[in-house]
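In the form predicted on its own, a lone chain appears below as structure tokens.
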Amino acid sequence: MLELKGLNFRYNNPENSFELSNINLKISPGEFVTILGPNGSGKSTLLNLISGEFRALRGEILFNNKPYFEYKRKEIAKRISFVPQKYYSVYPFSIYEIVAMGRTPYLNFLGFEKEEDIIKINEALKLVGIEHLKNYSINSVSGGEAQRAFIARAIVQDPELMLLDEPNAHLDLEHQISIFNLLKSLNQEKKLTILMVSHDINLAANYGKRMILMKQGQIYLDAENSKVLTTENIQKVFNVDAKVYTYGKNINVALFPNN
């Protein structure tokens, strides 16, 4: 579904020397893949390149074996949705309006929602548990509620691939698990392909089967969870000591910062 070939990127800022280099990656339909790595390793930058927000200096991105530049922006918006890590709205759009923006690629030239669009919007609001907040301003709800609104917006795009940048960053423990359960359900029942950045090793370890470990702008390791989450890999990439426990198919990582 998605293939990155020799991708390189550098910020156009002399004060920012970060560089993403030689990224080669393939994502197959139906996968649930998590990207892990310390701050500044290039996780969010990589998602921004895939979403089309940034443009690579070198390399190629293919979607369904077709180069990105051959797609119109509207076509990409129907196939790939993106849930950002940070959000802010200058205008106090309602939760309903935020979610409805996900249907923009499907609207006619007048921009009016059809009955099908309205049904999908309301279904997504209910699915993420914020149907009762649909008339509230996005700037008046909690961070977790706003995050679920942006996940609902991504859902109503009816994408083949959903990109998420730390979707549980603003959520309490209960809602972190509910969001991961929701993503797992979308992946398994709707065959939605998911590529997600996360800082939560333990949650990521028990959802999906594959992890990409990044370090200093490069892919350090791309493998199944059990091969990525080892004491040695965690120490080398995150600079912390760890103990990895397995219980059947479940993995639990205990972290011990270096003294």
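Note that residue numbering follows the sequence shown and begins at 1. Just so it is clear, the structure is predicted and the values come from calculations on it, not from any experiment.
What comes next is about the form predicted together with a small molecule, which does not appear here.
Visitor: Is Asn39 part of the interface with the small molecule in the predicted bound form - any heavy atom within 4.5 Å?
Guide: Yes, Asn39 sits close enough to the small molecule in the predicted bound form that at least one of its heavy atoms falls within 4.5 Å.
Visitor: Is there a heavy atom of Asn250 lying 4.5 Å or less from a heavy atom of the small molecule in the predicted bound form?
Guide: Because no heavy atom of Asn250 falls inside 4.5 Å of the small molecule in the predicted bound form, the answer is no.
Visitor: Determine whether any heavy atom of Asn13 comes within 4.5 Å of a heavy atom of the small molecule in the predicted bound form, and answer yes or no.
Guide: Contact check for Asn13: yes, within 4.5 Å of the small molecule in the predicted bound form.
Visitor: Would Ser44 count as touching the small molecule in the predicted bound form under a 4.5 Å heavy atom rule?
Guide: Residue-level check for Ser44: yes, a contact with the small molecule.
Visitor: Any idea which of 44-52, 186-194, 227-235, 60-68 reaches within 4.5 Å of the small molecule in the predicted bound form, heavy atoms considered?
Guide: Of the options, only 44-52 has residues within 4.5 Å of the partner.
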